[in-house]
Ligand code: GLU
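Only one chain comes next, encoded as C-alpha cells, the form predicted alone.
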C-alpha cells in the first residue's frame, strides 16, 4: 500500500499498527482519516501539542465478554460480545450493535473509529462507539435469538445508559433484537429508560423514519453531490448492493427522487431488473418472509438472478454500496467508471478499498464516503433520543424533514471544508477534516482526560 502521511503523523500511525496487531480493518480506517490531516496540524498546531491524534486513535474503553445461551435443543452455546466506547468528547457514546460471524475486535474498532467522525459531522451531541457479537442470527429461531439477546444485554447493561452509552442496531440487529434487549434491560434495572437504546418499536419509544433513515439519508446526500454539479438523481440508472434495511430504503428514496434502481444483492448473488426493483416485493421477501434475494426473481420473469455474480459489472450512473466493508475493490471501481458511473455514495461503512477510493478520486466523480453519506441513521437515532428525553413523538413528515436538513448540512460542511483546505470536491478530505476538527477542539477544551 502506498502510504502518504505527513511526517508529523507517521509516528502516530506506526503506534496504531504496533498497539493493534492483526486488526487490518481498524488500520485501514485510521489510515484513511490520518491521510487527510496534514493541513489541519499546520492550521491548528495545538492539536499536535495535545497529542490529539494519538489520543483519538486509542479507545476510551474496550469491553469484551462471554455470552452463553441455550439453543432449542437445550445445548449450551457460547459467543463473544464486544463494546468499544471510543470517544465521548461530544456527548454520550453512540453507535450500533452488529451480530455477524465476521465480528471480532478489529471490526468493532474500525466501526467505532468511523463512528466518532460520522457522529461529529451531524452536529448533534453524540460521541462514537460500536459493539456486537460473532453470533449469527441466520437460521436461528425467535426463541434462540431472544435467549441470546437477553444474555448479551445481561452483561452489557452495566456499561450503558442514556447519559453514558446509547447503542442502536446494525447488521443482524433490527427491531426484534432491540426489543429483546430493551425488555431485559428494563427487567434488570427496574427502569423504563427509553433513551438507553435506539431503533425501538414505534409503540414503545421508537421514532418514525428511524428504520428508513440510513437509506433515505444516503439518497439525499448523493442527490446533494449531484446538485452542486448541476445534476440530480432524476432519471439516473442506479445500482445498490445489499438488500437489507439500508439498501431497501435507499432504493425507495431514489425512486421517489426520480431515479431507477435496477439491481440489488445479498451474499448469494444479485438480481437485475431493468424495469426497476419493486420495493414492495423486496420488502416482502427480505423483511417479512426473511428469505434470500433469489426469491425475488420468480415474481418477475423479465428479471434475472445471477448467483455469486459481481453487481458492479452492471453499467449504471450511480452506485451505492450498502452491504459491507471492502466490497468495491480497485478493479470494481475501474469497471464502474468505464461503464459511465458519475456518482458513488457509501451506504455501508468503508465499503470501498483504498485502491477503489483512489480510482474514484482520480476520476473526479462525485464520491461520498460512508462517514458522511450514511450518517442519516445515527442522526435519526439522536432525534429519537431527543424525543425520548422530551417524552414526545414527532410525525413522519417532520422527522424526515429534519433528516433531510441534517444531510444537507453534512454535505455543505464536507463540501466547504474540502474547498477551505485546498481539495475542492474531495468529500473524503472534507468529511475527515470537519469531523476530526470538531472532536479535537472539544478534547483540547477538556484538558488531559
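Numbering follows the first chain given and starts at 1. What you see is a predicted model, and the numbers here were worked out from it, not measured in a lab.
Here the subject shifts to the form predicted in complex with the ligand, a form of this protein not shown in this document.
Counting only non-hydrogen atoms and a 4.5 angstroms cut-off, does residue 87 reach the ligand in the predicted complex?
Answer no; every heavy atom of residue 87 is more than 4.5 Å from the ligand in the predicted complex.
I'd like to check something about residue 224: if you look in the predicted complex, is any of its heavy atoms closer than or equal to 4.5 Å to a heavy atom of the ligand?
So residue 224 does not count as contacting the ligand.
Spell out, yes or no, whether the shortest heavy atom distance between residue 359 and the ligand in the predicted complex is within 4.5 Å.
Contact check for residue 359: no, nothing within 4.5 Å of the ligand in the predicted complex.
Are any of the heavy atoms in residue 169 no more than 4.5 Å from a heavy atom of the ligand in the predicted complex?
Although the ligand is absent here, residue 169 would touch it in the predicted complex, with heavy atoms inside 4.5 Å.
Heavy atom within 4.5 Å of the ligand in the predicted complex: which of 209, 378, 238, 120?
Partner contact (heavy atom, 4.5 Å) among the options: 378.
Taking the ligand in the predicted complex as the reference, which of 369, 81, 96, 215 has a non-hydrogen atom within 4.5 Å?
Only one listed residue qualifies here, and that residue is 96.
Spot the stretch among 140-148, 370-378, 324-332, 338-346 with residues whose non-hydrogen atoms come within 4.5 Å of the ligand in the predicted complex.
After filtering at 4.5 Å, what remains is 370-378.
Out of 122-148, which residues reach within 4.5 Å of the ligand in the predicted complex, heavy atoms considered?
The one in contact is 130.
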